[in-house]
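The data below hold one chain only, encoded as structure tokens and taken in the form predicted alone.
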Amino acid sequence: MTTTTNATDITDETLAPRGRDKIEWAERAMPVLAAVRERFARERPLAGVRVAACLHVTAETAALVRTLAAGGAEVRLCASNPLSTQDDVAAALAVHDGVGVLARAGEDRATYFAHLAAALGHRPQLAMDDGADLATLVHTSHAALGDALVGGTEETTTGVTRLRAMAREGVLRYPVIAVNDAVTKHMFDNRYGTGQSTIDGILRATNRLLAGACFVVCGYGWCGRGLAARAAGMGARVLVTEVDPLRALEATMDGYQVLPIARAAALGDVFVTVAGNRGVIGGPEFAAMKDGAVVANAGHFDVELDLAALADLAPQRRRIRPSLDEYRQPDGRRIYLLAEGRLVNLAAAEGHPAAVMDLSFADQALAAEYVLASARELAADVHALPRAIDEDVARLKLRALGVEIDVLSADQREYLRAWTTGT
């Protein structure tokens, strides 16, 4: 059953009970966000604040939205990727929590942008982005909304890159907190979350054995680091491609072979792009791949793969398994594309585990509180999440894990402040 209202457009509201169970299961692994929610419910720091959130509509995201609502926010949620929406979660948020949800799994491009526009339809004071699509609309086709916006948050590398480009050009109209740059976000979500969930998506889509395979990781940022480590842990032989000499050197010192993509293309059995740029794998690379090569993308946008070049090179296409399409070249060689080139960890699997999203979404909730409280002092620029908030999130997670750490003594604190004491 389809449900459509001015503030809600979901696939089937009868899926809500199943979605509620899924959210409950995720929240069991999110104690930090639970602690934030408990305080938010008590203090109501977001009372009456209209929030437009463009995020992956998953059970973990639902836990964040419920936390914002506990703090008093009026949230409209739309998907940040057409293939990442979990319809049962969308239904649960709409039916059981009264959230305006605009998301359908597999929605087409026109619907996707209509949902973005509808999320902006209640003149939000806070834009919560995953890829900066809301921010882009506010600065283009919905420019009048910029006057209502107090601030924003962004949790992806790709989105932060786009927002910094706006700031450099002097067009960014409100302060944005780069949640992705928080240590408790990128060092854990990007590395451990992307590493595990990308492997999960590949295995679900292909059921291939990775042990002994040549696994090519395109990009050695935090996501690439995590993916390379997990692939190596599965027994794969990992190759890394990079354009940054520092990251390439790090990958080499981490024990991986580093090659240009033009050379790696003929060697790989599995390719995954996590570079945050367009055309990472293009026509010449597809043409050089061996028969049976598997190609996936774990970057935010599907532009990391030149899908038009792949279609020109291999015009015969068929769906073999869910999330797995075969492209056959005239000479008979086959390339297998996963999840239509979109985020494989979300389109072919369920995204990051809740335990790591606990950190990221605690950062998101606290960044929302911070930017709203500090907006008058913050310039229209991209800002870091304060270190104190970052550390508080880490302390809460350690406490939940039962981990204790040392505390500096007064003498040690003084030593760190002084310059006269040395050898």
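Note that residue numbering follows the sequence shown and begins at 1. These figures come from a predicted structure and were not determined experimentally.
A second form of this protein, the form predicted in complex with a small molecule, is not displayed here; the remarks below concern that form.
Asker: Are 185, 224 and 277 jointly within 4.5 Å of the small molecule in the predicted complex, each by at least one heavy atom?
Answerer: Checked in the predicted complex: all three residues contact the small molecule.
Asker: Using a 4.5 Å cut on heavy atoms, which of 80, 156, 153, 86 is close to the small molecule in the predicted complex?
Answerer: Partner contact (heavy atom, 4.5 Å) among the options: 156.
Asker: Considering the small molecule in the predicted complex, which of 268, 201, 299, 124 comes within 4.5 Å of it through any heavy atom?
Answerer: Filtering the options by heavy-atom distance leaves 299.
Asker: When the small molecule is placed as it is in the predicted complex, which of 104-112, 243-251, 286-294, 68-76 ends up with heavy atoms within 4.5 Å of it?
Answerer: Every other range fails; the passing one is 243-251.
Asker: Does residue 346 reach the small molecule in the predicted complex, with heavy atoms at most 4.5 Å apart?
Answerer: Yes, residue 346 lies within 4.5 Å of the small molecule in the predicted complex.
Asker: Quick check on residue 220: any heavy atom within 4.5 Å of the small molecule in the predicted complex?
Answerer: Yes.
Asker: Even though the small molecule is not shown here, does residue 129 get within 4.5 Å of it in the predicted complex, heavy atoms only?
Answerer: Judged by the heavy-atom cut-off of 4.5 Å, residue 129 is well away from the small molecule in the predicted complex.
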